[in-house]
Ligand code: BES
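One chain follows as structure tokens, the form predicted alone.
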């Protein structure tokens, strides 16, 4: 699949589909009079006969449109042009492209109505199209014999003069979408395919091809690193634990290192606090934080973002066996904190505790962790919103702004100190759960004990990481959430907030 540009009129471009992105401002048919006249008024006629109003995610196909060189037309609504946002345009384009990808190798010409192109630059529109083209065919059926969606054929942007700037924007959009797709695939693959060793093998191969340093810590190395909390979670499985580290050094020697830390529980049975069947069915997704972190690290290197970035992911299975850790056990974390186990299904925080402390000792100037950590966060915020906990206001605000720019829902929750009382243990320094109330907050307070004074943010992505149903613009399963937001954040960090912000 290639993305190219042409100054030709949309009606003069040969393609299987002419996709027209239309805003609902005014009369959309008036803005495509030339095309409408050449197809004998089909656009205006269908709009009169249907309730198509060009709202966000509205789609109207017109088949066998004789009079222009494209075989079919797909009208895709994106809502009010006066309130356009980058994420809304992407979502509408994804819905349109997914409609087309049900057949193999469909070629597409893309054009925008004047209300859109007058408000959003060609570079931004090009990036969004390229992103959407790559992301659209991806679905949860990674093991399905027959595909439901197929990669598109060639895509042409109409009315755009080709040049190095637009080509760079297209490459950027494709790189970002490929990173999202990688995160999705890692999560969607079943736990008998993706477990600590195979996760490391896959990422090490990608890192090697990209020239990125990749370190893998096996169990003997983890023992030498005193990662007792993480190893306790892993000891019930026949699959041994791993920690994977990626190091991107594009910022120069004087630039501090940022760390991303990901929870990588490749399957979570709950251990002896066994999950019920329905809750366990999707627990291959409990490594979504790790998948997002490695995808961001690889993409940051490919995009040549001038930052120094280290990615650390702790990879384990939480299983039941004669070796598995038990209720009442006391384990010792890397920083010497003793932890009483009162729920073996609160295992992700044990993995993160050791990896966070490793990142601190490795000299990270800021740490962001991502984890499908608590059902309590889903109860509080729903399936579409991630929870943010942060010990530094500037870091929190920058992450909130980046998520907003990329259209990903993030809401800050408090880190009230008084909730430490709920984590007190009679037999150890701390226990691994805080009881029924404020579960997302007590989990975050637990993690905070392992970062010291280092600026740190924790994103609880338990809700948005895995979709239980499909929509017109994405399939069920893994979402790859926060890959785009974190790449945006890294670019803003690298630029020192000095570059002109792109339209959101």
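Here the structure is a predicted model, which is why all the values come from computation and not from measurement. Numbering follows the first chain given and starts at 1.
Not on display, but discussed next: the form predicted together with this ligand.
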Though this ligand is not shown, can you say which of 184, 284, 349, 98 has a heavy atom within 4.5 Å of it in the predicted bound form? 349
Pick from 234, 246, 373, 364: which residue has any heavy atom within 4.5 angstroms of this ligand in the predicted bound form? 373
Per-stretch contact check against this ligand in the predicted bound form, the hit in 297 to 305, 88 to 96, 423 to 431, 341 to 349 (non-hydrogen atom, 4.5 angstroms): 341 to 349
Residues 263, 275 and 462 are flagged as a possible site; in the predicted bound form, is every one of them within 4.5 Å of this ligand by some non-hydrogen atom? yes
With a cut-off of 4.5 Å between heavy atoms, is residue 369 one of the residues that contacts this ligand in the predicted bound form? no
Could you confirm whether residue 268 comes within 4.5 Å of this ligand in the predicted bound form, counting heavy atoms only? yes
